[in-house]
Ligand code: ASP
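A lone chain, given as structure tokens: the form predicted alone.
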């Protein structure tokens, strides 16, 4: 008998029919002798719909009230999933994050999990009840309802797996697993059967939307078997492990971050540290920054953060130039940052786009290219061919 935590994403739960389909899969696992804990996201585009409604009411809604609103989506999913299991003669109870003791920091809309108390969760399992838990949410020490940010249901599932010492955590999604290249860019992308925590974590940070980075960090810290599986078929998916160099190829995958902006500016006081302090205080996340001289710096940020960046630096900058529609393409794999053959191939591919390639940077198992967004598909596909990442 195994204890399995299963997390289902919003697209997998978009309709009552899909919820019933997944409930039958959970029921089969339980009837085979396993104990299962289910974590659910909000149905379909519910979270986006709630956010749109909030903005119709108030341009900048209070974050506390946003958390109260957004957590309703997962409560709808958990209740319907529990009803589905009970209709299949599987005793199930639904629980919010606060009811199972997911204790978080007090930061609304992007809280971090501090601990899992879990008394009601353990009690339900001991009584033969299948818990259905709302992902993405918890409660602070001051009893405020909080949310964990986008992708927070992945984090909920892995944190509960760590608390329960589960045999594995299965993340169900609308794709077949983790691919060498985004299947939306190239339909011939290969499914990766196994990948290391380090490689998956880098992919998650660099644009792969299959798993939230915080969930991978927790899985690695507690050595949790993490399996990404398809919701709509019986494929084996991708296992994330602590193994290294699982395959002989150096480049394992290609990820991309898009909708970025490249800003070049000079500071009036020549104090770049002061500039970075301002950006940090304004919570403007920098994807990349390069200091060219004592008073000159280039940064890459999400385009949504561009106005915030400019507003908090305008009084200390003497000149500013902006390139919009920037993307970062990243090759991930052991050895890519130091292998001259890999770099030679990438330089040959990017040479024809040289006027719109703004730089390269490396970090352990990553080699990244800063370029214009229209070239993402072309460069990614050429690199995928060069490194044998296509089926």
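Note that the structure is predicted; figures quoted are calculated from it, not measured. Numbering follows the first chain given and starts at 1.
Here the subject shifts to the form predicted together with the ligand, a form of this protein not shown in this document.
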Listed residue that, although the ligand is not shown, lies within 4.5 Å of it in the model of the complex (heavy atoms), from 47, 27, 337, 350 = 47
The ligand isn't shown here, but in the model of the complex which of 161, 104, 153, 253 has a heavy atom within 4.5 Å of it?
-> 153
Classify residue 81 as contacting or not contacting the ligand in the model of the complex by the rule of any non-hydrogen atom within 4.5 angstroms, answering yes or no.
-> no
Tell me, yes or no, whether residue 326 is in contact with the ligand in the model of the complex, where a contact means a heavy atom of each within 4.5 Å.
-> no
Can you check whether residue 42 is within 4.5 Å of the ligand in the model of the complex, heavy atom basis?
-> yes
Is there a heavy atom of residue 199 lying 4.5 Å or less from a heavy atom of the ligand in the model of the complex?
-> no
Any idea which of 145-153, 260-268, 200-208, 87-95 reaches within 4.5 Å of the ligand in the model of the complex, heavy atoms considered?
-> 145-153
Can you name the residues of 110-137 that have a heavy atom within 4.5 Å of the ligand in the model of the complex?
-> 136
